[in-house]
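Take a look at this one chain, the form predicted alone, written out in structure tokens.
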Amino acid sequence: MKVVEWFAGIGGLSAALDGQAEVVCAIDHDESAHLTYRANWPHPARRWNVAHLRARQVPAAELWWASPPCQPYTVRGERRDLDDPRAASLIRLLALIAEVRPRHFALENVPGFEGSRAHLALREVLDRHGYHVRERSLCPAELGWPNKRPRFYLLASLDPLAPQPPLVRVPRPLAAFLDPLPDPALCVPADLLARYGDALPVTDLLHPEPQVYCFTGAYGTSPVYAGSYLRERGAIRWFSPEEVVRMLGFPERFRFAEGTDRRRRWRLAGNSLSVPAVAEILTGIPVG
């Protein structure tokens, strides 16, 4: 199967495909994401702004996977929905779907996307062109990963969708994803602890089943509502970007592009996908 990876980021879909399909084009306009993608995946990658793409620029593919900007559907982004300029790329993508009609289409976004005007516009296009559609919420914690990251997923096909198999939960300990020697610079300063106190979502490694909350692109910049902290050996620290991508399910060989500073690595990781959740969604694509 040939695949176009829209809003490719650092390659969450490519990690989930694990070589079982051919990515013929990965599209993202962000330079840091583009450089890290190229450092990890051999597929053709383009720094294109989806809002200005024409259908003839997009290689032929059976599956289009899209993870459009989520800010228009979040509280932090003021839930401006289609009025948010960052939704322009999704609006353009809907027109491309109607024009090209890929055999399969899938989308991932934050839970707030469901019921939005963007969601309704997407469904109107898919329903009008005869797609079979399945929608669901899925969190990697349901699969046994120590990461609470619920997301809305939509899978559509011009063919009847394959039955979704029951979820298989394989518990994975948080300790397995941690750096062996964490950087001392990750320790949270005492003044920040004193200022925010109990507002900081701290995960204790000694908890019987420690879980971390959803990391966002603001992790390391916004003290709250951006992801968990870790209490380890009596100290509280940030998770490293490398720990975050491991908890997202990226392979151990994954690397950020050389020269990417920690803040940008946190942003790239927080804006990416849960690899095991994506792999689960892909099982619904009809084969043959």
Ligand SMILES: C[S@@+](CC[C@H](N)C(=O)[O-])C[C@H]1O[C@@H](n2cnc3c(N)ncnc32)[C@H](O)[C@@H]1O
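For every residue, the number given is its place in the sequence shown, counted from 1. No experiment lies behind these values; they were computed from the predicted model shown.
This next part talks about the form predicted in complex with the named molecule, which is not shown.
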>> Can you tell me which of 255-263, 63-71, 236-244, 217-225 lies within 4.5 Å of the named molecule in the predicted complex, counting heavy atoms only?
In response: 63-71
>> Which residue, L230, V50, V58, A45, is the contact with the named molecule in the predicted complex, using a 4.5 Å heavy atom cutoff?
In response: V50
> Wondering, does P276 line up within 4.5 Å of the named molecule in the predicted complex on heavy atoms?
Replying inline: no
> So in the predicted complex, does any heavy atom of H29 sit within 4.5 Å of the named molecule?
Replying inline: yes
>> I'd like to check something about S157: if you look in the predicted complex, is any of its heavy atoms closer than or equal to 4.5 Å to a heavy atom of the named molecule?
In response: no
> Does the named molecule come within 4.5 Å of any heavy atom of N147 in the predicted complex?
Replying inline: no
